[in-house]
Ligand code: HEC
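One chain is shown next in structure tokens, namely the form predicted alone.
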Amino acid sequence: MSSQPDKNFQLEQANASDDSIQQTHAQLLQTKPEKKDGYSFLPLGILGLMCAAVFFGSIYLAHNSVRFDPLVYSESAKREKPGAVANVALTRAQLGKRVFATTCIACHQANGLGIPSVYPPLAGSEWALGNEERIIRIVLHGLNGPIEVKGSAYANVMAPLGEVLKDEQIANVISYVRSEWGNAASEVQPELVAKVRAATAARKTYWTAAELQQVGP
């Protein structure tokens, strides 16, 4: 019968198919690019670009985004910014209140009445409300010896503050004293303080009431 030749033909055909597959596989291996050792720089480059974009984007947003401005006092700055609260300009007397609170309040008290028989009052004081150059001298070089204020005698010492306070600070604190507690005298300007300081630069001792009475009314 013809069954045996058919089997041989099928085996030969199967072997031919196997050879064809192996040849095709070998060709594919020859055409496949070889894998290089190490890492590709392309992913690292993309990662670096992304990091740079995030970094510079953060800087841009920080400089151009709307930021909240709290109320910060500035004597000279006048910034106009949408949504910002306008700066509050303080008067010379208001600035002087700060100086008074740190250098004068212990003796003359917050109410300006001083300490009876020890430190004289500033409220209604003829010395505080009188000649500007006279009170500037007192603050610059201090006062020693007896003095009469509002009909009462005092004999204590006021320390000199000229080495501690600048001209503008002295002008501010005197302006505060001359306008607080019912006082209503004019402001004192830093230019006048500088003038008196220069004129009395050689002074090394405290003033006395008798000397100050010669300065002016």
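Bear in mind the structure is a predicted one, so any value in this text is a computation, not a measurement. Residue numbers run from 1 along the displayed sequence.
One more form of this protein, predicted in complex with this ligand, exists but is not displayed; see below.
Using a 4.5 angstroms limit between non-hydrogen atoms, A110 is distant from this ligand in the predicted bound form. Contact between I138 and this ligand in the predicted bound form is found at the 4.5 Å heavy atom cutoff. Residue contact with this ligand in the predicted bound form: V149 places a heavy atom within 4.5 Å of it. When contacts are judged by a 4.5 Å heavy atom cut-off, Q94 does not count as touching this ligand in the predicted bound form. Using a 4.5 Å heavy atom cutoff, none of A171, T200 and G216 lies near this ligand in the predicted bound form. Taking this ligand as it sits in the predicted bound form, the stretch 134-173 comes within 4.5 angstroms of it through a non-hydrogen atom at I135, I138, V139, L143, N144, G145, I147, V149, Y154, A155, N156, V157, M158, L161, L165, V173.
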